[in-house]
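Okay, here we've got a single chain as structure tokens, the form predicted alone, with questions on binding and movement later.
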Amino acid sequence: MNVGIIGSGGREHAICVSLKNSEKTNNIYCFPGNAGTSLIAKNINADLADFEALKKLIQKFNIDLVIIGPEKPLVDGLVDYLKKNSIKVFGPNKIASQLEGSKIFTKNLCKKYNIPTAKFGVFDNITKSLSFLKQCKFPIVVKADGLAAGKGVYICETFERSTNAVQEIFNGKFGEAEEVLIEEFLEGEEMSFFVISDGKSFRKFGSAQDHKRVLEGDKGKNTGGMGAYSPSRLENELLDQKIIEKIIKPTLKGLKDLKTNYVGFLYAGLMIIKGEPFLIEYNVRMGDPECQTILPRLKTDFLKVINTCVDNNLNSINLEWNEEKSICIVLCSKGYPDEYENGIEIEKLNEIKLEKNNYIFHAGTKIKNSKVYSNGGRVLNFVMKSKNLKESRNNLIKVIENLNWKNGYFRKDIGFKVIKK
């Protein structure tokens, strides 16, 4: 099969590698891809917002199946558009993608179907928001309604901080805002829980823990993700059952009641409190960098899994997993998640010799004249799979230090809650 991948991050490179290992894969095309995908696929420069141009490129290269990696094309309705043009595509439709596209849509769904989540309020202007905040106990969480690249969430310790958050959201920091979401702060431990669905049935697709804060000890500003490990240390059969029965099944029922179904990856961001799961948010695709830790653990042919989903036949396949754990450390551009410089050469990258079960997934990179340059805030993902997370982390730190990229920085404490000193 000829397969097309929409996206340019570490998630898409990991998907690309998994597809490359499938016997059924002929050619892989990445729209637009990065320096890493260019080594195993053909990168096609494309505007992901121009659906018509994408369709023509997909048809030009005789692509049999399209996998959409990032959230924005999903929320904007790319799946619906491609299906109307008889193109086989993996990912949720526009209605289902509101689970990520609108936090308020998801919270209202939670309320209607008794899905455990934080108590919340929705406000349509600054005055009403601040009036409510004056009555709140802190910390409090303030969220932009739409997509915000993982950065539209404020955990506010004071009224002043929450005021600033509300003003930034309504003043358009994350695009035009008609409403803001304010919810109680839940004290517990986060967990990322994944399922894959074909519209009729679903299967668990691993768990992970990511580290979104920029500084060690999970402090500082939120980022798109500084690293992750899989599986989550909280994972067990009883908790899995609670998540599925109390959160996943009611959500999928809610979508069916809206006369739609869900095809694709569904990522539940959870807070676990005394063994009970609460939904923080949904993502309608694989997480990044969680995907980079989960896919290397999958033993079943990845393309076969995707195909059974698109054909509404997921029950025909067994998902098998390696027992090893995996960990990912993200190497970022200095200044991220604020201002940073692009176009900095990563000189020693080709000198790195990876051991078995080690991976480097490119994220914000581009290739020019056979040289690799930075092209984003999160630049490279270093991943290792083994039975010992501590040894894996130490190994990855040595690899990154040997790379010695002067414009980069990374967290050395990924997995600190599960890795004993």
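Start at 1 and count along the sequence shown; that's the residue number. As the structure is a prediction and not an experimental result, all values here were calculated from the model.
Keep in mind that the form predicted in complex with adenosine monophosphate is missing from the display, and what follows is about it.
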| item | value |
| --- | --- |
| Residue stretch of 241-249, 182-190, 159-167, 72-80 approaching adenosine monophosphate in the predicted complex, non-hydrogen atom distance within 4.5 Å | 182-190 |
| Residue 281 within 4.5 Å of adenosine monophosphate in the predicted complex, heavy atoms | yes |
| Contact test in the predicted complex: residue 212 vs adenosine monophosphate, heavy atoms, 4.5 Å | yes |
| 4.5 angstroms heavy atom contact with adenosine monophosphate in the predicted complex for residue 317 | no |
| Contact of residue 87 with adenosine monophosphate in the predicted complex (heavy atom, 4.5 Å) | no |
| Sole residue of 115, 118, 177, 255 within 4.5 Å of adenosine monophosphate in the predicted complex, by heavy atom | 118 |
| Residue among 344, 310, 153, 195 with a heavy atom within 4.5 Å of adenosine monophosphate in the predicted complex | 153 |
| Contacts with adenosine monophosphate in the predicted complex - residues in 252-275 whose heavy atoms fall within 4.5 Å | 271 |
